[in-house]
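As structure tokens, the next two blocks hold two forms of the same chain, structure 1 and structure 2.
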Structure 1
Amino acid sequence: MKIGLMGGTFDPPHIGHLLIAEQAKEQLQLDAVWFLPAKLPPHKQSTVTSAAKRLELVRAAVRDNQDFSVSEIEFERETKSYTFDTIRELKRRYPEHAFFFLIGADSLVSLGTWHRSEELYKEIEFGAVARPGSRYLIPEGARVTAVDMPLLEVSSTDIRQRVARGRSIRYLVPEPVRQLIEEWNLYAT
């Protein structure tokens, strides 16, 4: 099977993440997309929300789509959630699958700074989407297929700020995610 891997911090998951997964599934002819919430995101100083809650938010986000699921693989390690380690482990466990790592342009630009990036390029192919405010630059040596999707100016940072200001996030996140954010009183100041 061809599997897309949608990595992220997901604090919270939003419609941009889901749209990447859906468009990549169609355009790269993937059989499924596995969401990989990072337990300890290497590129973030600290996350606002606990890893356990972010995991639940991602579960809620993908619940209604049979082709999307959540992998807890990055919760099995106590070390930083390096994509390189995750890919190695997934390939070891599922040698029968072909994996594609899905990313937005801002991540694509900084791919060269990722842990063991040169080796990562050899391990996996990428599916990349454009993102407002980011250049679309393919790092030397990386195998990248462009995935087309409407430019979406949505980010978890913006959603957290909206909640903090008491503004609506309905339709920016899946409804079950919005309900959990409300129930857990996340991002409020």
Structure 2
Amino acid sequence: MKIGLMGGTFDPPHIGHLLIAEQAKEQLQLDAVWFLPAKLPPHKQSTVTSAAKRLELVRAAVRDNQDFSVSEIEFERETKSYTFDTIRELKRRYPEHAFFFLIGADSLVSLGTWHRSEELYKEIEFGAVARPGSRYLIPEGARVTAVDMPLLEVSSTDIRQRVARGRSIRYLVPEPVRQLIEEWNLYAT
């Protein structure tokens, strides 16, 4: 099976994440996409929402798509979640699968700063998602396949700010995610 891996903080997950996963699934001919919420993201000092609640938000976001699922592999560690370690463990557990790590094309520029990046390039191919007309700056040694994405301006930061200002986030996040944000009173000031 060909599996797309989508890592992130997902604070909160939104329609952009789902659209990226769907476009990658189609264009890379993936059998499934696994979402990998980071318990302790290495690039952030802290998260707004607890790891347990972010995990539940991702589960709510993907539950209506049979080709999407959530992996808790990064919740098995008590240390920061590095992509290299996660990929190594997934390949050990599922040697029969081919994995693609899905990232935004803008992240290719910083890929060389990732933990054990040179070794990571040898472990996995990347699906780089970009808006039409975007340029790909591929680090030497990285295997990257382009995934085209329709123009969509949405971010987790914007969603948190909208909630804090009392603005609607309907249609920016899946409805089950919106309901949990409201029920848990997340991001409100």
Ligand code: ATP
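Predicted model only: the values in this text are computed from it and were never measured. Think of the rigid core as the biggest set of C-alphas that the two forms share within 1.5 Å after superposition. Quick note, the numbers are simply positions in structure 1, starting from 1.
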Quick one: identify the form predicted on its own, either 1 or 2. 2
Comparing between structures 1 and 2 on the rigid core, is the C-alpha shift at residue 85 2 Å or larger? no
Compare the position of the CA of residue 105 between structures 1 and 2 after a rigid core fit and state whether the shift reaches 2 Å. yes
